[in-house]
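Next up: just one chain, as structure tokens, the form predicted on its own.
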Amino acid sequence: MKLTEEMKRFPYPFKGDTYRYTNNSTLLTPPSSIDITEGYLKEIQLKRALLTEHHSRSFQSFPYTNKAQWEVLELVMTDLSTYFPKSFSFKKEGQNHVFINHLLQEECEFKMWDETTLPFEPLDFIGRHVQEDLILMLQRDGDLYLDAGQLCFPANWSLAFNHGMSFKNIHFPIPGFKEEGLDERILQFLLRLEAGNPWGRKNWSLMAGNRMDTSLETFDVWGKDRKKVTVDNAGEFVHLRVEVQKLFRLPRTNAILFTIHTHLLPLEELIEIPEWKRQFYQILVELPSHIAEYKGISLYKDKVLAYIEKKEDGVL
């Protein structure tokens, strides 16, 4: 089978035939905070619409995060111009800077650390040029706090609700996370992050439908889709949702930038690759019920399995 470029670049998340919560982070190579995919223009348009119509749901910040926000802006602009030089330019002349987004044909001149020269807060501004959601966690008193973020494509959580929470409180709802000590181990890992050595990991879930913006505030809109999955429509309707998550220690403020790039792949395309189909089926069969429940899969997991079995048998 000839794979499309999109399939070749899809961040397939699994390595074995079972899945459990772990800190599966690895050193990031290349150490780029962002990626640009074929869906860039469509997703940027969607992000900007959400930020216009639901700004408080999509962006939150405390005033004391301003310096760290500028650090994020500089890091992301530098990465964009370094890894995608045909699409982005970033020129520095003393305090005067020029950022050009050639894909959107937009140019911005501004003075670093001078908020009056940008139309939005620094994190809010640069987030409108990348597909990633950008979360900023500040460190104090031996802990990390979600003190600022631009989040347009959340997987069933709320930025407004979690704003200001500590790392452990944010992850408290995950079953077994505290009981198995995973929250403390990952927190200690994050606190030891060093500037210049970013890490990355992949997280996954299933999605009934193909919405990118599955915030808690809109659960009444998309949550009912879980009841609409059937054996016949699962291939087209159900999507594997993968988040490529990256962690960067910011050298000047000691804050941590957490970037989240969300990818969706319909089930009917995933099973076109025989090894992916076999492995994904085994993982779903073996997946503990508490993980399936937390990921929102329980209502339709059996229908997805039945779909894969029928495709294997040539019935569908």
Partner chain sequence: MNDIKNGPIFQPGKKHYVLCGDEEGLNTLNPIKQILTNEQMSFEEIHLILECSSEVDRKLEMQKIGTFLYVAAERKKLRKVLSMATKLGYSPEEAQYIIVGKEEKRIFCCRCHVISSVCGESIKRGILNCPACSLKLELSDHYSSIKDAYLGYVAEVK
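Everything numeric in this text was worked out from a predicted model, so none of it was measured. Residue numbers count along the first chain shown, from 1.
There is also a form predicted in complex with the partner chain; it is not shown, and the following applies to it.
With a 4.5 Å heavy atom cut-off, would you call residue 214 a contact of the partner chain in the predicted bound form? No, residue 214 stays farther than 4.5 Å from the partner chain in the predicted bound form.
Is residue 56 close to the partner chain in the predicted bound form, meaning a heavy atom pair under 4.5 Å apart or at it? It does: once the partner chain is placed as it appears in the predicted bound form, residue 56 has a heavy atom within 4.5 Å of it.
I'd like to know if residue 189 sits close to the partner chain in the predicted bound form, meaning any non-hydrogen atom pair within 4.5 angstroms. Outside the cut-off, so no.
Using 4.5 Å between non-hydrogen atoms, is residue 162 touching the partner chain in the predicted bound form? Flag for residue 162 set to yes.
Specify the contacting stretch among 197 to 205, 89 to 97, 167 to 175, 120 to 128, defined as having any heavy atom within 4.5 Å of the partner chain in the predicted bound form. This holds for exactly one stretch, 167 to 175.
Looking at 78, 158, 139, 101, which has any heavy atom no more than 4.5 Å from the partner chain in the predicted bound form? Selected option: 158.
So which of 220, 236, 109, 179 gets a non-hydrogen atom within 4.5 Å of the partner chain in the predicted bound form? In short, 220.
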